[in-house]
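Next comes just one chain, in structure tokens: the form predicted alone.
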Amino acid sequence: MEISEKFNEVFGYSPELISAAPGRVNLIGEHVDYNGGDVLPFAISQNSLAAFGARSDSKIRIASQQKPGEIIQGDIHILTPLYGQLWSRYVLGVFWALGDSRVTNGFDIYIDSQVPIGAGLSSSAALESSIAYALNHFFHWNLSLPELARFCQKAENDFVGVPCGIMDQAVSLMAEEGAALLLDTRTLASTHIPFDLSKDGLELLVIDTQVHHDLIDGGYAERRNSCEKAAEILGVKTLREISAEDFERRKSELDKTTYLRAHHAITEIVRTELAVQALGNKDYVALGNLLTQTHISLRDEFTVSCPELNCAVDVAIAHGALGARMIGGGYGGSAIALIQAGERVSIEGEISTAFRDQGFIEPRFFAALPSAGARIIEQR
């Protein structure tokens, strides 16, 4: 059943507009968006859909295909952080961040997320972005996409309670089909980098371990705090501002854990720069090596991997992948592998066998295709 029909079934009338915003895969630049570094994500073809019907009062009612039977209610004038069920906070938080001086009436909203939840593909940012984009369109605010991304980040940081960076919201709003988004996370200046692996006989395979990850459990915040602690000790605003050479000269000023966390961020910023060069030169061997180096750093220095992610990466590389790594915040979710297109079936089979042998949940697989950012897909 289409989302407009589900909206009508729940609320008793047809929606006025339907928006869509995609999840993302971060090719490289993991855990550096809150350290001021450049990142290189792209949007995937799976979207979070939101159907809207305007109300004559200030009430907000939210239902979801993924939460049948639930209707969360709020009011644009009395929203407070952590209000509502967790899934609904990503919606209500956008209203709260934008403020009731902008949002002048309530809405009925029906959500249908095609982005796998907990898979490290940023289903939360996709949901926030679909809401913000629709409201900007409905009220004719003409806010820029970077401005909308900032509001979405504020919603997730201060309403939901996740201290995320800006990358996920920015790419969900700003992506273009067939390109990765090179994003300066300090200024949100961006460049679209052509990224069409199929022309060169390659594919980026996403391996969803089906190990649910939750960034509210404190591990993400602890690592962000370590990076901020390192920056403070070293006298810089963000780790982007210190060179790898200077950092190594001053490593004795940091305790072991803080050093390792910061070392990942600083070297990942360098790897992102090298990845952009590799893409420009179509040097996919170099790109694959950089992806694998990122995984090793996330596994050993940032310590945010897990046995299932390590298994997926190791097996993919052992059976021909040019490179592979975990993606997202960590502790579960998905990995990516840069592979020859003709080897997909065999690599998927080897990973599935390894997961069964180790008693893991059966993984899911899909190809990641660089897709368009947020948009209105229907309006009446």
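It should be emphasised that the depicted structure is a prediction, and the values quoted were computed from it without experimental measurement. Each residue number is its position in the shown sequence, starting from 1.
Another form exists, predicted together with ligand ADP; not displayed. Remarks below refer to it.
Contact with ligand ADP in the model of the complex holds for none of T80, Y83 and F95, as no heavy atom of theirs lies within 4.5 Å. Note on the partner interface in the model of the complex: the residue among D112, D108, E308, D208 having a heavy atom within 4.5 angstroms of ligand ADP is D112.
Among the residues G118, G219, P146, P163, the one placing a heavy atom within 4.5 Å of ligand ADP in the model of the complex is G118.
In the model of the complex, no heavy atom of T353 sits within 4.5 Å of ligand ADP. Taking the partner from the other structure, ligand ADP in the model of the complex has a heavy atom within 4.5 Å of a heavy atom of Q66. By the criterion of a heavy atom within 4.5 Å, A132 is excluded from the residues contacting ligand ADP in the model of the complex. Taking the partner from elsewhere, T294 is found to have every heavy atom lying beyond 4.5 Å of ligand ADP in the model of the complex.
Just one listed stretch, out of 199-207, 243-251, 227-235, 120-128, contacts ligand ADP in the model of the complex at the 4.5 Å heavy atom level, and that stretch is 120-128.
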